[in-house]
Ligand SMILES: NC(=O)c1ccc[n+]([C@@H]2O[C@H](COP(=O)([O-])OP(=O)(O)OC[C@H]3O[C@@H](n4cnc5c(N)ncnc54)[C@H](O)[C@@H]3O)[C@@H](O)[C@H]2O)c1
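The chain below stands alone and is given in structure tokens; this is the form predicted alone.
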Amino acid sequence: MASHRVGFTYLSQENLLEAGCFDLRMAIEVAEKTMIDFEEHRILFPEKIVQIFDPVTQNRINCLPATLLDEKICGAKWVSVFPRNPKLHDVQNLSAIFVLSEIEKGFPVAVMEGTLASNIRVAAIGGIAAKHLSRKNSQSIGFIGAGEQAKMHLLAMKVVRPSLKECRVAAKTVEEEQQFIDELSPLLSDMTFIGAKTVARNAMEGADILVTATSAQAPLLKAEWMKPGAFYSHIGGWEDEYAVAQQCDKIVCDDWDTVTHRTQTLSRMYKEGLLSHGDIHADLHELVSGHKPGRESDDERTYFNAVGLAYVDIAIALAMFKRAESANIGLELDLQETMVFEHKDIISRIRM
């Protein structure tokens, strides 16, 4: 008689860290492979479901599904974004959980903490963009924003551009800048860190790579701060004035069609008729596959806009699960021991 037990592996953030899953290089490699799979139609990628509870604060919970056909894994990311959490409650603004299921029987194989994978994915995509769009000898990087995404991005940028020697950071407070420096400088001992004392211009002007990683809805980055040859990675919503994009020689998105439906700078420009499909050089997967060129001269200004691709999240989560599984890390849990009516005491359990 077949066993009707259904079980799965539960992985906390601490489990994932213990298994060595905080690995930007692994995430970048997985993301690159998965983007090529997407281009070759080996990914199912339906629309996400968005539930916004407050249009002013944009408090929301999203469900983002995707299926990796070659790996025979379907996954979903359940992610909450509550932008005011840090100020109101002194807690993070984003939390996520992943569910991974195999598609032979359709049973779950893993339930995982997802904030780590989600944050790593954002940084990995930014790193891949930098690999193709920044100058190979880039030495300085500037940040507006000093939170988790900024920290992750610096690590990813350093993977693809080990030539980076100087990091400047501007945040809302000097204390936030110092925390960024205190946490990252021990990890990157060959870099010089400079706090901008909350002055964005001091962090960004003349940098080879510019990153905005904020929850702001305001044109924080000015076009005049972006020198010829600079690469700009735009992470948040509306973080730069329109002239930044207008002066760039190449604009690349992770997915331009998705960008047109969002509220980022490029989205606003598109809706106002200031930007068209023809102004977009490529989606990132086209650079990864080599179907379109990345940077072609040292003087090009390049612009990258990411909105987030759930199929990359699922692929990174799967790689993390496999690494943890190979290290025998995680908690094995039962979803059911047997089918409902196979329980010997089921009569005593039914309420009618």
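Worth saying up front: this structure is predicted, and the values here are computed from it rather than measured. The first residue of the shown sequence is 1; numbering continues from there.
Beyond what is shown, the protein has a form predicted in complex with this ligand; the following relates to that form.
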{"query": "Candidate stretches 129 to 137, 159 to 167, 102 to 110, 233 to 241 - the one whose heavy atoms come within 4.5 Å of this ligand in the model of the complex", "finding": "233 to 241"}
{"query": "Touches this ligand in the model of the complex: K172 (any heavy atom, 4.5 Å)", "finding": "yes"}
{"query": "Proximity of D255 to this ligand in the model of the complex, heavy atoms at 4.5 Å", "finding": "no"}
{"query": "This ligand contact in the model of the complex: G145, any heavy atom under 4.5 Å", "finding": "yes"}
{"query": "Touches this ligand in the model of the complex: V307 (any heavy atom, 4.5 Å)", "finding": "yes"}
{"query": "One residue of I97, L94, L155, A245 in contact with this ligand, assessed in the model of the complex (non-hydrogen atom, 4.5 angstroms)", "finding": "L94"}
{"query": "Selected contact from V122, L266, I251, A207, since only one has a non-hydrogen atom within 4.5 angstroms of this ligand in the model of the complex", "finding": "V122"}
{"query": "Full three-residue contact with this ligand in the model of the complex, heavy atom 4.5 Å, for M35, I43 and T67", "finding": "no"}
{"query": "This ligand in the model of the complex - contacting residues of 212 to 232, heavy atom within 4.5 Å", "finding": "A213, T214, S215, A216, L220"}
